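Take a look at this single chain in structure tokens; it is the form predicted alone.
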Amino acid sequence: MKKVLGVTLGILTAIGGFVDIGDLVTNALVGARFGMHMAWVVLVGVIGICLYAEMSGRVVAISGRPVFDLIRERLGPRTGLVALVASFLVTLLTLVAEVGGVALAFELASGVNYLLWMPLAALAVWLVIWRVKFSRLEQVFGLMGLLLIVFGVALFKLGPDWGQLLHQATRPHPIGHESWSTYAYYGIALFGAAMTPYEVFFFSSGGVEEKWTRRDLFTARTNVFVGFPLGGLLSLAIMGCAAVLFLPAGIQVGTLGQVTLPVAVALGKIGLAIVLIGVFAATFGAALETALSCGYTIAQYRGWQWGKFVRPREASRFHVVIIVCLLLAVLTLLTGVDPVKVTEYSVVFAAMALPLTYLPILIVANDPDYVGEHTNGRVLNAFGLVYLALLTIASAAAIPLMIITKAGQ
């Protein structure tokens, strides 16, 4: 029973952790501008994150070491440094967006300007990382994040034309005055949001925190193949709500308040209260994951003691990195930069870093020195290479499309 409960909690954790500020904003923005014509990108992204998260979980369960630790050892310090810099900068930018998302959630609930909430949000993130056990923080914020299921309920209450939504989902093309270049730009943003690099680093490091062994392969794979797809369904529900409410009216999404508006329209004050708690839990949980991931990547590359499975004083440099990153996030946001804009840019820059994140994982997952007989099979490698090609195309096209479309305007 305890094992079953552990699997269940892992699934719920994956669902809550999949939908962060990047997914919330990007899916609503895309739904308002393109309807469900870009739903296929979510499907492609979910398959991709499942593919590489499974490799990461398998590597941890068999070797007992996180992926980034092995990347440096397997590829050497110079190649490892390139992967470190790309992944760390994108994760830091994502942390800025997540802390901003937490402050915006407080603003929506209280009416107090988000800039006043910013330092408190970062302080709360640090206190939770410092004081709360790893398993407890994953379970609490993952379970609270499940309240975002309210988007699915709201979609039913809005009474959409399901045939029309299905028609849109099976017609992958731009609509109205939207161009193919804008369509491609937001497709890459959506892809980047689904496959954000920090997710696999946090997943693999979390496996070490939870002391996975080869007996936990079932748990790791259950988390991946059930949790992440259910998180993808939440993303589609958010997109669908925006497609039903905003697209016919020609309204574009530019604030977190607009993201939650369909739920308020469909379910009233109770729905609004539930979705605000869900948004807070999702963004706060993602802020915890990105802050920890900043510490994980630096500490694992440098060979420092890291993790919450040891006392903070035994991993002091790991915790210093986290504190510095949180301070940088607060200082960046206090300049008055729009957290939603930071989020939009973070998912595009995440797309640029994807090949540098996922190629090393594919290499390590094929090395019998680390995973023994559990190396990738031919089919898995074929899918891995196809996705690596997609990641490379998305990475190469991200900046040119950003310039051509003026960041999707």
Partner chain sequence: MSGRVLHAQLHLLDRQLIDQSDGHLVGKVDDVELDLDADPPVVALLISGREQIPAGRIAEIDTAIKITVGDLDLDYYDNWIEHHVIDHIPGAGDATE
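Quantities reported herein were computed from a predicted structural model and do not represent experimental measurements. Residue numbers count along the first chain shown, from 1.
Although it is not shown, the form predicted in complex with its partner chain is what the next lines describe.
Q: Specify the contacting stretch among 234-242, 75-83, 144-152, 259-267, defined as having any heavy atom within 4.5 Å of its partner chain in the predicted complex.
A: Partner-contacting stretch among the options: 75-83.
Q: Is it the case that Ala315, even though its partner is missing from this view, gets within 4.5 Å of its partner chain in the predicted complex, heavy atoms only?
A: Within the cut-off, so yes.
Q: Answer yes if any heavy atom of Arg65 is within 4.5 Å of a heavy atom of its partner chain in the predicted complex; otherwise answer no.
A: Close contact exists here: in the predicted complex, Arg65 approaches its partner chain to within 4.5 Å, heavy atoms only.
Q: Report yes if any heavy atom of Arg136 sits within 4.5 Å of a heavy atom of its partner chain in the predicted complex; otherwise report no.
A: It does: once its partner chain is placed as it appears in the predicted complex, Arg136 has a heavy atom within 4.5 Å of it.
Q: Although its partner chain is absent from this view, report whether Arg215 comes within 4.5 Å of it in the predicted complex, heavy atoms only.
A: Because no heavy atom of Arg215 falls inside 4.5 Å of its partner chain in the predicted complex, the answer is no.
Q: Let me know the one among Gly163, Gly303, Gly176, Gly159 whose heavy atoms come within 4.5 Å of its partner chain in the predicted complex, would you?
A: It is Gly303.
Q: By the heavy atom within 4.5 Å rule, which residue out of Leu120, Val310, Leu334, Leu327 makes contact with its partner chain in the predicted complex?
A: Result of the distance check: Val310.
Q: Within 4.5 Å of its partner chain in the predicted complex - does that hold for a heavy atom of every one of Arg131, Ile323 and Tyr370?
A: Yes.
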